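The data below hold one chain only, encoded as structure tokens and taken in the form predicted on its own.
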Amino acid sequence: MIGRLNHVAIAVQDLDAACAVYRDTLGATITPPLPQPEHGVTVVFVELPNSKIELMSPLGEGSPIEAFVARNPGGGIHHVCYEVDDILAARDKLKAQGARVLGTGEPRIGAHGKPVLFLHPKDFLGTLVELEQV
């Protein structure tokens, strides 16, 4: 069902400082910041030859990652994102197998302009999983 690893997301308090680590220390290419008000985050992508790292910070009060960043002030891995060909078929199959889809269960448009949804970490070895249709 899942395709390639699209990205690993790291939640951080200070997006500029996180970008500096990847850009200045590791020599990575980083996309410009992209506010995602519907998701409550601002993201940048660290471009890698085979995948991406998503650096994300809270956007506004009530951000869904606010508590995560408060518990992990130095930053931490927030989720992994896998590609799927058909997000609705993947969702329906996972739900039929007992997996919990977060939110309403309906895909929303993510930072790449494609449908995404999130799966409950308790169903996936303690890891928050994002699926993105490609």
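Since the structure is predicted, the reported quantities are computational estimates derived from the model, not experimental observations. Quick note: we count residues from 1 along the sequence shown, nothing fancier.
Quick note: we don't show the form predicted in complex with a further copy of the same chain, though the next part is all about it.
Student: Taking a further copy of the same chain in the predicted complex as the reference, which of 34, 77, 88, 30 has a non-hydrogen atom within 4.5 Å?
Tutor: When a further copy of the same chain is considered in the predicted complex, the option within 4.5 Å is 77.
Student: Heavy atom to heavy atom, is residue 41 within 4.5 Å of a further copy of the same chain in the predicted complex?
Tutor: Contact with a further copy of the same chain, no.
Student: Looking in the predicted complex, any heavy atom of residue 70 within 4.5 Å of a further copy of the same chain?
Tutor: Heavy-atom contact with a further copy of the same chain at 4.5 Å: absent for residue 70.
Student: Check residue 102 for me: does it contact a further copy of the same chain in the predicted complex (non-hydrogen atoms, 4.5 angstroms)?
Tutor: Contact with a further copy of the same chain, no.
Student: Answer yes if any heavy atom of residue 108 is within 4.5 Å of a heavy atom of a further copy of the same chain in the predicted complex; otherwise answer no.
Tutor: Residue-level check for residue 108: no, no contact with a further copy of the same chain.
Student: Scan 23-58 and write down, in order along the chain, each residue with a heavy atom lying within 4.5 Å of a further copy of the same chain in the predicted complex.
Tutor: If the 4.5 Å heavy-atom criterion is applied to a further copy of the same chain in the predicted complex, 23-58 yields 24, 25, 26, 27, 28, 48, 49, 50, 51, 53, 55.
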